[in-house]
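Two versions of one and the same chain are coming, encoded as structure tokens; call them structure 1 and structure 2.
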Structure 1
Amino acid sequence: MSRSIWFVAEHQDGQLHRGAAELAAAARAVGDETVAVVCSAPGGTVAQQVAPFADRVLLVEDPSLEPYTAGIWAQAVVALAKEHAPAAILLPHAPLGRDLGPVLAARLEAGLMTDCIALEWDEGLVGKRSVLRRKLVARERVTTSIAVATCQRAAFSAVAAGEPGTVETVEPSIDAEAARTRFVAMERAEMGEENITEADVVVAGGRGLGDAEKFGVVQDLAAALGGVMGASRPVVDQGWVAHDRQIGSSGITVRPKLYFALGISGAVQHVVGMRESDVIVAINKDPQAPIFEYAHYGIADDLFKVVPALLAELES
């Protein structure tokens, strides 16, 4: 029997998310047939946008499907999956998949693997995921007849657009009255005072700085290098610096000529926001910190010793 792998197409304001082509790549690697599931309001073009990445598109249209809420999307996808019994349903490990993935898994009595960085088919869907702060990789297999998995962003290289797959419009099976979550409003990102995405040099500090006062050395080094200061999330959460400095998946993405990571461990949500930088320097006292996998130059030492030495050296 041919193995059909579905992925749920992510979209907003009528635009397909570019991560869809990554999910298509993941689906293609493990299945015979790649099917995109599109949940949208009538009249959109998301199905046409995703068609070049799939063999088939299943399009469910209903006004209640936009803007997204997990409850109504789940109704639509579960009904389809019960009817067609795909081998697996893939979602992005992003707000969409975190919300919807477990609901699909529960209602389809399916096993769920989250944040997968690789997938293969070996008597079932087998996934790899990073655990213990990226120090180990776990291999898991879903043992139920339908598998659900969420895929880490950028872990799969996007497939190129091909011959568009056929689009089939399916009758929605939705009871909007039964939904218990309702979309209220959307807030766009606020722009900061200093546009750090355009800086040539970004010096970012993490939790390893210890407190707001000691975080000052990050600013000192940024100033000495003629660059701007950035931060990892815990620094922003604790209010040491403003929100617009946060680099990573829930903050901003930077691509400077030179990036310094001081006291930052290198969690994937941070790394996605800086790994494209031309030259990356990491200073971290833990020689096993994952940030060294992304850095071009590393110093495994106490930053409170190295940064003052750097400041002295830059002055000379």
Structure 2
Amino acid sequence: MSRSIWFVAEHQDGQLHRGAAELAAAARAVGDETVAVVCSAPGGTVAQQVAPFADRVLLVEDPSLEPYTAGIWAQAVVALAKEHAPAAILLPHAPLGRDLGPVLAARLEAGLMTDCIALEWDEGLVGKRSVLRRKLVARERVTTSIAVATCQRAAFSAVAAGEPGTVETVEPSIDAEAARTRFVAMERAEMGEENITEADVVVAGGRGLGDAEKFGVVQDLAAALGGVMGASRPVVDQGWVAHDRQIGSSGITVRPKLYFALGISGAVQHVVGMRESDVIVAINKDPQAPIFEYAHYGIADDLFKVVPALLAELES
């Protein structure tokens, strides 16, 4: 029997979120068929944008589906799920998934797993989750006929775009008047640096930098590489940088193409947040620093000698 794994396509202002390709990868890892569910107002192009990452796209179009509200989207997805009975429904562990996931699970009487870092199939959907501030990994299995799971950003390598899947427009089963919440307005925060979880290059600094004034070398290297700045927890605790730059068990997870660790010892609490990076470069004067166990390239030297030399090479 074919196992169909669905993922809900996240989008805003008519643009598909790049995390959809990660959800598609998670779905492909455990299913025989990958199906993207798109909820949108009529006339959008999100279904076409997500089609290269799925075998099929189920498109539900209704004016009440945009902008997003959990109650309306849940009506659409639950009706589809009851009709087609997927093995699992995946969502991003982001505001969308944290909001919509529990509603779907409750209405489908389905088991729910959140913040999964890996998925497999073993007589049901099995998810791995970091627990106890990411000191341990729990392995959980959903025993209901349909599973609902949210997947951690950057925990799954994005699947490459391929031949577009078929797009099937389905009749919406929505009663907008029955919704208990309604969209009022969106207030956008002032945008600063690029979202660190979506950056291709991350340069992170640790306690080995010495003090806040010396943290400028991290910013300089990040700027030269076209990347963004990150930090370990001790740096954040000292108030050198803001908490939204913190990478690790009590911060965020990143999976860039290139990760620089400057003056970071490599404690497990930090490593769990960056070890899946494509290429890791560590610079630390302590040759025994644990970070070198995870680095593809390591330099055991004074970072205040190495980084200026690297910057000079980049400028030339």
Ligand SMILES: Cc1cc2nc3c(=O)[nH]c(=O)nc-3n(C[C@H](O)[C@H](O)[C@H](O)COP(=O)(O)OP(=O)(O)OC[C@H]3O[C@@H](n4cnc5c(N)ncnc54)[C@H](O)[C@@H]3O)c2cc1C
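We call the rigid core the largest set of C-alpha positions that still match within 1.5 Å between the two forms. Residue numbering: structure 1 sequence, from 1. Remember, predicted model here, so these are calculated numbers, not experimental data.
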Return 1 or 2 according to which structure is the form predicted together with the named molecule. 1
For a quick test of reading the superposition: does Gly251 move by 2 Å or more at the CA between structures 1 and 2, rigid core aligned? yes
Quick check on Leu91: with the core superposed, does its CA move 2 angstroms or more between structures 1 and 2? no
For Ala154, decide whether the Cα shift between structures 1 and 2 is 2 Å or greater, given a superposition on the rigid core. no
After superposing on the rigid core, the Cα of Glu293 moves between structures 1 and 2 by an amount in angstrom of 9.7
